[in-house]
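Quick setup: one chain, the form predicted alone, written in structure tokens, and binding and motion questions come after.
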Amino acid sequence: MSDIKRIFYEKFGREADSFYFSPGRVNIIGEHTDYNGGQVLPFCINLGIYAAVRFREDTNVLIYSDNFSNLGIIEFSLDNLDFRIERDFANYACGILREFGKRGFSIKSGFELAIYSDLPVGGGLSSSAAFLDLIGKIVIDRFGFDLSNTDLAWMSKTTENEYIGVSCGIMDQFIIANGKKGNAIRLHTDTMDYEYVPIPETDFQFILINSNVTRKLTESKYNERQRETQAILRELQKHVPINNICDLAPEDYKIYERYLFGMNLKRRLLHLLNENHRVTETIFAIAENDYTSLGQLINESHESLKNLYQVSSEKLDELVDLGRKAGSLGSRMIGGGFGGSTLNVVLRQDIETFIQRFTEMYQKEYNQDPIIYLVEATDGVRKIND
């Protein structure tokens, strides 16, 4: 808090009115199912974006990120929210502010905003959704708009899809808007029904390893995967009355895979059906304190993402292998793929040993220290005390 206060004062010459925190997220299991009508199991983490804000009397918006200090203060007007390359990350703010207007909500004044993030950009922890939900939450609080947390999530998703150009699903924006301390959320993305799933705090620890390989989803094969699954759905709908691929069960694969042309589409279908089912199995394993099964499901998810959905990378596969050798119950890549981070499930009593072993192997392999985060389930985007 003292840092973000200081940053705001140094950049804008006065004190901020209010302060916010918008967390990143980790998805325990259920990768790439959210844009195919399946289940996901994410939680908010104790890493995220800290923000200080003060509203103005005119319509100018001024944004400064301490993570991109070389860009200085980026300024634009509420009267001109078109996408512009020179606005860099601030285009996300332009996009969701424009989305308010498209939905009939009038933003009458601009603001000054200073942010600092301890989320690794491109680390697969959803820094973009955290920033979109942050801007939306600040505006909703300021003007008292009658919008729910789920409304906020849909606005952020629409911005990312239509303004930024990333064909993402609803998971990231939803969990960051609705996260609850000590819990993951089981979200059915076809119906938007959800339930909180308690995560035991005394039995095991989720540990993230940052690959330090960043990727922009618009420049990766993420959008290609969505086009492939849309093609799968169109073909399947000729033979079975479904709305989403994940309406099918794993046992349906042998019935319908023959209608798909090319091995890649068959691989994508097999991953989605099994991954969607793994969400249910993972919730059961957590509830039963069956951490051996939890680890196995995490491992199965990675092998499927690597071999069937083909969104892993050489570095991610290496980190997963090191995590398993260091003593994790299960390790897998997380996020959209092609870079980002790995998730490791480690028993509480084994944390110190795991970190020591992993660090030693990583240093030997890469001649540098690994980037390790111990993450806990926290609340979603929120105003914080000053």
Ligand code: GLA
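Everything quoted here is computed from the prediction, not taken from an experiment. Residue indices: 1-based, along the sequence shown.
Missing here is the form predicted in complex with alpha-D-galactopyranose; even so, the following discussion is about that form.
Student: Exactly one stretch in 32 to 40, 314 to 322, 346 to 354, 53 to 61 has heavy atoms within 4.5 Å of alpha-D-galactopyranose in the model of the complex; which is it?
Tutor: Of the options given, it is 32 to 40.
Student: Between the options G169, G95, G110, P120, which residue brings a heavy atom to within 4.5 Å of alpha-D-galactopyranose in the model of the complex?
Tutor: That would be G169.
Student: State the residue from F76, Y163, F206, Y222 whose non-hydrogen atoms include one within 4.5 Å of alpha-D-galactopyranose in the model of the complex.
Tutor: The residue from F76, Y163, F206, Y222 that makes the contact is Y222.
Student: If you check in the model of the complex, is G339 within 4.5 Å of alpha-D-galactopyranose, heavy atoms only?
Tutor: Because no heavy atom of G339 falls inside 4.5 Å of alpha-D-galactopyranose in the model of the complex, the answer is no.
Student: Quick one: is G330 in contact with alpha-D-galactopyranose in the model of the complex, heavy atoms, 4.5 Å cut-off?
Tutor: Outside the cut-off, so no.
Student: Contact with alpha-D-galactopyranose in the model of the complex for G48, defined as at least one heavy atom pair within 4.5 Å: yes or no?
Tutor: Flag for G48 set to no.
Student: Using a 4.5 Å cut-off on heavy atoms, what residues in 256 to 273 are near alpha-D-galactopyranose in the model of the complex?
Tutor: The stretch does not touch the partner at all.
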